[in-house]
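Encoded as structure tokens, the following chain is the form predicted on its own, with no partner shown.
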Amino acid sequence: MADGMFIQVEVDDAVAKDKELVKKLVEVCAVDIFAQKDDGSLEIVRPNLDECVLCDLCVQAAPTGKVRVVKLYE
């Protein structure tokens, strides 16, 4: 789980370790919140979290309920 000022991103551990799903998350995110480590696992790029435009593409790219973007504001 990673927190920014405005959003929190929650990624299921199984998704974070699945090289193909990680690759898909990296590809769909327009603001580069996700990166793939050398071992293929997920890295959340914390400085980019607050650039999220709430497009939901990462949520759609993963199995239902395995990636969540939570707004930390009203």
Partner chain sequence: MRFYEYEAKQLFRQLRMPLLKGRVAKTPAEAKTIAEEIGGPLVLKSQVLSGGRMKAGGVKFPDDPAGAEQAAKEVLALEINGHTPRGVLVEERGPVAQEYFAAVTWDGRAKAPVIIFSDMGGIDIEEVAEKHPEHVGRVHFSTIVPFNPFRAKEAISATGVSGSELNRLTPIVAALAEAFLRYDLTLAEINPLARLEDGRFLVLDGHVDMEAEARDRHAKLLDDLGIGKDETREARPPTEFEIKGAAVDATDHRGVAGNVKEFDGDLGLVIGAGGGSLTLFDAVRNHGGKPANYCEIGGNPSVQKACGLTKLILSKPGVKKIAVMMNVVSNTRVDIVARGVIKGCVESGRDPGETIAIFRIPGAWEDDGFKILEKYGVEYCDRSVSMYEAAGRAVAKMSK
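Numbering follows the first chain given and starts at 1. Everything numeric here is computed off the predicted structure, so don't read it as measured data.
Just so you know, the form predicted together with the partner chain exists too; it's not on screen, but the next bit is about it.
Novice: Could you tell me if residue 12 has a non-hydrogen atom within 4.5 Å of the partner chain in the model of the complex?
Specialist: Residue 12: no, not in contact with the partner chain in the model of the complex.
Novice: Taking heavy atoms and a 4.5 Å cut-off, does residue 51 contact the partner chain in the model of the complex?
Specialist: Residue 51 belongs to the contact set for the partner chain.
Novice: Considering only heavy atoms, tell me if residue 1 and the partner chain come within 4.5 Å of each other in the model of the complex.
Specialist: No, residue 1 is distant from the partner.
Novice: Looking at the partner chain in the model of the complex, which residues in 57 to 74 have at least one heavy atom within 4.5 Å of it?
Specialist: 71, 72, 73, 74, in sequence order.
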